[in-house]
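In structure tokens, one chain follows: the form predicted on its own.
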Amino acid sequence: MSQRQVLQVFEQYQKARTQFVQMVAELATRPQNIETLQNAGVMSLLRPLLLDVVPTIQQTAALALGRLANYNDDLAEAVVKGDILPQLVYSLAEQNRFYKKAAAFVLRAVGKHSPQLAQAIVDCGALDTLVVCLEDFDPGVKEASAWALGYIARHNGELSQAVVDAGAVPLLVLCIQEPEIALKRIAASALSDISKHSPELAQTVVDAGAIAHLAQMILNLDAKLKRQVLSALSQIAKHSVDLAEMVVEAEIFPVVLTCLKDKDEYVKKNASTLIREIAKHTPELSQLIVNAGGVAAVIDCIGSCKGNIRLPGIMMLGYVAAHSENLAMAVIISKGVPQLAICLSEESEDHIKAAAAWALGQIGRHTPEHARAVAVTNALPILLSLYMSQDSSEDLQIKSKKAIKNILQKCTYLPALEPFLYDAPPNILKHVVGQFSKVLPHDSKARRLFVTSGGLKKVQEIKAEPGSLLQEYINNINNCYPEEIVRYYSPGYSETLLQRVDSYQPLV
């Protein structure tokens, strides 16, 4: 065989390998092909090509493996069991930028599925190499490695700590300062994933100087970057008062409030989440948000969106109101109660209704004035129907019941209470009758109205156990009226009168 023929054979072999990896990489982009590729044993065929002498074949083989591993955890597991990870890690340190990006993509695709698969990546020594890649000259390599590190860190505190111990955090903070938007996004996302698990991990991110740089990007024009920045700040602020105060000290107010009007729904949601995580800690932090116009801005945001986008804003109003009478009144003055009542009636998801019910309960539980502000929006009958509905989740029933109880125990606005005399179950009725027993002795106009509206008659029909608290409340109400009025509205009194008519002998 001549030298020319030998070269032709090698050329054909290279061409065939190239065509094979390109075809597999292309087929792996379509979900309907995945099972067929898996059954054909494509993993074991791709593995040796990761060490091919031709760089493009190496890169395309890694890309194909990444696409397969990305599809489901079975295929990701096959990458681990096929002993492919050590090869990738070795090549990640040695090869060119194209291969590094493809190899980091495989590690990300494997690590995203479960803590066990992410741990396999840690165990094969990938973290140190990925962290080195964060210092690479090429932004695409930095981005790919930051993405992989974030996907590993997001699972749990132990994996996140492993990423921190490998030295990733200071380099990720440098990455958010790079000019490339895509790199900023992924680095901010990775910092968010590291921060979320514990105060200690969040403190590590803070100590690396992340807050100031994240805060500067709140007004960036890129919506996806804003999402990640707001998420990262939320994950830091949620853990403790000290961390929340550090976020506030970066002068995010009133700048962050502009995000509540953003066209991007997830920017709105993440901005509401950040404000919620700050508000929940102390009355002082909530007051700072009120002073910055945050409560009114969140209420406007809730009115401009639907579904889960509303949820953090609803909860934020509940947290603010829970702290004190004055803060609850700030929510009322900003017209938060009608907006929460709308959420309660028009949302279809039980967990959102439950949050609105809880928030209304936090507002109404302080004083009669607070309770009246909730009662006049007609929220109480909605809460009662949600509590009594068989279709409501257990959590929604519990939160509706607690809210009703919180509001009723302070409510002295009798027109809102009276319908409950007819509709409420015994455990709620007790609180309603209790409120009437407190108000009627001191209000002659209310006493008269209670008779003419049929309220007194209804109270006489309630069957209460002798000696019970409910019976005591009924007795207190009856003591507000002349005995003959109480008798007149008692069940069976008309029969007694008719019997007296029958037995009456007229004077002739």
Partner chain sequence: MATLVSLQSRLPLIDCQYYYRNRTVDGYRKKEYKAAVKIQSWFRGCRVRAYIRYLNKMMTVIQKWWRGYLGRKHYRQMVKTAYLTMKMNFYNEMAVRIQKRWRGFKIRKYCFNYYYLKEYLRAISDTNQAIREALEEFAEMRGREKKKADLEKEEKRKQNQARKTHYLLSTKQIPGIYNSPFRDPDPMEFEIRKVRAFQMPSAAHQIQQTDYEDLSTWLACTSKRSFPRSDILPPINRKQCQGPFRDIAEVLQQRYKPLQPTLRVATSINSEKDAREELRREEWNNRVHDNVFLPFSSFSKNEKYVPMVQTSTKYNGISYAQKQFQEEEPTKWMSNKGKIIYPVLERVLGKS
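Numbering follows the first chain given and starts at 1. Every value quoted in this text rests on a predicted model; they were computed, and no experiment measured them.
The same protein also exists as the form predicted in complex with the partner chain; that form is not shown, yet it is the one meant from here on.
- Only one of 89, 164, 246, 330 lies close to the partner chain in the model of the complex, with a heavy atom inside 4.5 Å, and it is 330.
- Residue in contact with the partner chain in the model of the complex (any heavy atom within 4.5 Å), chosen from 322, 85, 211, 292: 292.
- Contact between residue 129 and the partner chain in the model of the complex is not found at the 4.5 Å heavy atom cutoff.
- Contact annotation for residue 258: at least one heavy atom lies within 4.5 Å of the partner chain in the model of the complex.
- With a 4.5 Å cutoff on heavy atoms, residue 287 counts as touching the partner chain in the model of the complex.
- Residue contact with the partner chain in the model of the complex: residue 40 places no heavy atom within 4.5 Å of it.
- Looking at 119 to 127, 104 to 112, 235 to 243, 218 to 226, the stretch with residues near the partner chain in the model of the complex, meaning non-hydrogen atoms within 4.5 angstroms, turns out to be 218 to 226.
- In the model of the complex, no residue of the candidate spot (181, 385 and 463) has a heavy atom lying within 4.5 Å of the partner chain.
- Shown here without the partner chain, the chain has 299, 300 in 299 to 313 lying with a heavy atom within 4.5 Å of that partner in the model of the complex.
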